[in-house]
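First comes one chain, alone, set out as structure tokens in the form predicted on its own.
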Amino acid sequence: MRWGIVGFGWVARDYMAPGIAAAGGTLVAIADPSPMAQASAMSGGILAYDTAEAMLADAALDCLYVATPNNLHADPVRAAVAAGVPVLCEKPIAATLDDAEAIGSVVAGHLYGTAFDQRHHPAHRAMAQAIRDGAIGRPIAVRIVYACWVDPSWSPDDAGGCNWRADPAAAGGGAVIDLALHGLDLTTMLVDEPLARLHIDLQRRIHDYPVDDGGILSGRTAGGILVQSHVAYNCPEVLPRRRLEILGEDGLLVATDTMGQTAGGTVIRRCARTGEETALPFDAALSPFAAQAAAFAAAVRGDAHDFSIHRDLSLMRLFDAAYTEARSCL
């Protein structure tokens, strides 16, 4: 499977590119106007272009991964659709709901996936299967902590001193739009129910930038499962900051250090009757990016898949309404 990447920043370079290779694919080209990004690609024998259009016209690609800032997703997605190339686009779909709706219209009838890599993490897939198998009985609540430290001076080494994730125009918000959608999408996968209600409270508590540095989300699924998520850019990374719990009538699943870009972590099931704890096995060597690349490649080959622009747009609409209300109170 021949891949191209638009936006060769640190996530694409350090996580998706190795994930493509681990999934048996080949990264043949990138499109990024940054001289540093182009030099990094070419040092590995990868073709480099200034624009997605130029890359798609010149390089024979089987699929495209878009990892630009959120407000720059639309043009490469349109270019991929025009070239007939399946496209996997980073979350959120776009920085604004209007742009997300426009992308939804463009990709109708075309193979498109939003890169919610957490739904592909082997630990989370194992948890979903355990829930389906009745390991904790009827689910009651999902609780998530997904936090990190991103201060105003933070900058990846390829961004020229610019942290676009703290730029409201480029990102569409702050910590909450960057981190929370992963957990919300993951929740729907784990319990196999869409979200029906969502409320968000924001804070700009620690960092001096014009976006939220933390937030609490609460809601429920269509079937009445409660959902709670704390996401943050203001949590020191030496502290525990990645935890996922699914409470059921017969037990509790607890995943530690599975939320994020890397492989590994642990999942424990605790029995509600005896308190006994047992480890839930999963492939701890497989990263969510590698699993996601393999899943999308399989979809390109025509295999059954769970990528869905309709589901992703539905989640984006619910999130946008709650986020818009929350920002008016910040």
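Keep in mind it's a predicted model, so treat the numbers as computed, not measured. For every residue, the number given is its place in the sequence shown, counted from 1.
One more form of this protein, predicted in complex with a small molecule, exists but is not displayed; see below.
For the options Gly44, Pro33, Gly275, Pro281, the one in contact with the small molecule in the predicted bound form, meaning a heavy atom within 4.5 Å, is Pro33. Distance criterion of 4.5 Å from any heavy atom to the small molecule in the predicted bound form singles out Ala37 from the list Ala295, Val267, Cys63, Ala37. For the chain shown alone, Trp3 is not a contact residue for the small molecule in the predicted bound form, no non-hydrogen atom being within 4.5 angstroms. Of the heavy atoms in His207, none are within 4.5 Å of the small molecule in the predicted bound form. In the predicted bound form, Arg165 approaches the small molecule with a heavy atom inside 4.5 Å. Residue contact with the small molecule in the predicted bound form: Ser287 places no heavy atom within 4.5 Å of it. This chain is displayed without the small molecule, yet in the predicted bound form the stretch 178-186 from 219-227, 80-88, 134-142, 178-186 comes within 4.5 Å of it by heavy atoms.
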